[in-house]
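Next up: the same protein chain in two forms, each one alone, written as structure tokens (structure 1, then structure 2).
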Structure 1
């Protein structure tokens, strides 16, 4: 089968979060299973393309005031996978993917509408896939256009669409006036299509028009059908419940593996954990906590700073946490509110909390390897990759039981010695504190702790299993299309 991925980020070309990891790794696994994958992504300022070559010089994208002309560039791929970059410097040659520290770019609707239209036109030249697999709101116009303005285009008769929700909290909401600017008809502005409380909602358009919808864990697929987690789209999803499923993300163990990680000072595995202590020492040195007693447990955090991630809970309990024998190594960037909160905490307890406000892939690896525990108290979490990485690194996750965190971490049971981490349900500082205490207590008994580490290290979240589920979804969509044509 030929599958075309359409997404706004992809490792190693662009990344702000886990979406890029998934779009980078899943095609590789699909190719290994014998499929052919094209990946369409924008070319940003930071995108470096090895063996760059132009494949389509000019694609015309209409806007109400003018035509815009973009190109498609390719670069080195690998067997079964080709990368296509939509090149339009006025929209994408900027610092940042979606905006700057002061907010989103004001023309994001235009940027990603151009991207989606360019993908459809480019695919007519480069090869129409059996399935377009689109990810998050930036790719939402692909399924929408295919079922509306492109519905009569014979080139796409056999092309199905699968849409994956990586985070329903980001929907692509714009004022209604955007429709004519993007050359989209007003009849899309109804409650059953793109209209959403007086605005245009890109994500809603995708949920209405895609052949099939997936999200990135089983639990999250249920949560988004509730008012608490649906961000206003739970009704739309419930209407389509027959065509919604959760497929847990895999991870790329070539990139995230303590046996081979190129960013850490010593390698280790479940049989021989010695290297982890060196990684801890190296991490503490990197974070300016050198000289700290290596027997004190280190809690690591690597995250986008956003309300979703639940860090306000740490703010609530910091005075009580400061009394404990623990160290924090925190890496993150994003929302100013949380950046400032963590910087304040680091100032208040400098010998215990070290904070780096940055996006730093090497340090992310060092924290995964060097910390003893990994904290993700998320308010909601569609899947979460960092806790899955931390399992492999023997860095015991402490998580709130929501979405993919709940699906991937099993609670430690001191009686049976089963389980891989610690979980809490109630979204309160007290519940988090109780869970950290529980973890600290087990840490004091190193025999149990090492068992717990090894339980996590032996888990396999490689893409093998999830790929089979995606292929089943693609097949189903393909069959639906074949039947629709026969009718």
Structure 2
């Protein structure tokens, strides 16, 4: 089967978050399973393309004010995976992918409308896939265009669409006058199509017109069909519930594995945990907590600092946590509110809390390996990867029961000795504190704690499992199109 991925970012070429990791890893796993994959992404200023060559010299994209002309370049890929870059410097030769520190680029609707139309036109030349697999609002016009303006184009007669929501909080909202500029008809501006409280909603258009919708965990696929987590689109998703599913993201165990991690001071595995103590000592040294008692548990945090991540709960209980025999190592950046909160806490109790405001991949690995516990008290979490890394490193996760956190962490049962971590449901500081106390109590019994560590280290969240579920979705979409053609 030929699958074309359409996304706004992909490692190693561009990245702002987990979307790029998925678009970089899932196609390789699909190719390893025998499928053919094309990946379409924009060519940004930061994009470095090895063995670059042009494959489509000119594609015309109509806009109401003027035509734009872009090209498609390719470069070195992987066996079974080809990369195609939409090259249009006026839109993509910029320092940021979506905006600057001041906010989003004002022409983002035009930028990604051009991207989507270019993908469709390029695929006529480079090969129309069996399925277009589109990701997040930046690719949302692909399924919409295929069902509207390209509906009679015989080139796409057999092409299906799968749309993946990585975070429904980001929807692509624009004023209604954007429709004529993008050469889209006004009849799309209705409550059953793209209209959303007086604006045009790109994501809503994709949810209406895609053949199938996936998101990045089973629990999140259920949560986004509720008022609390649907960000206004829960009704649309409930209407399409028969064509919505959740597939947990896989992780790359070649990069995140304590047996081979190039960033950590000692390697270890479930059979021999001795190296983890060396990693703990190295972590504390890197974070400036030299001389700390190695018997005191260390809680690690590696995160984007945002309200979604639940850090307000830590602020509610930090005075009580400071009384515990516990250390915190915190790495991240984001909202100034939370950056300043963590820095204040580090100044108040510098012997217990060490904070690094940065993106630092090496230190992220050191925290995963050196911490005893990993904290993710998220208000919502579509999938989450850090808790999965933590399991592999024997760093016991403490999480809220939401989205992918709920799907990937099993609660510890002291009677049966089963489970991989600790979870709480109620979104309060008190609930978080009780759960941390529960983890500290088990930590004092090192026999039980090492059993808990090994339980997590034995879990397999590699892409090969998720690939089988995606292939079933692709096959379902392909069969739907085959039956429609026969009718």
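Residue numbers count along the first chain shown, from 1. By rigid core we mean the largest C-alpha set that fits within 1.5 Å across both forms. Here the structure is a predicted model, which is why all the values come from computation and not from measurement.
Between the two renderings of this chain, the form predicted together with alpha-D-glucopyranose (GLC) is found in structure 1; structure 2 comes from elsewhere.
Residue displacement note: residue 59 has its CA displaced by at least 2 Å between structures 1 and 2 (rigid core superposed). Superposition on the rigid core between structures 1 and 2 places the CA atom of residue 79 less than 2 Å from its counterpart. Remark: with the core as the superposition reference, the CA shift of residue 153 between structures 1 and 2 reaches 2 Å or more. Once the rigid core is matched between structures 1 and 2, the CA atom of residue 92 is found 2.9 Å away.
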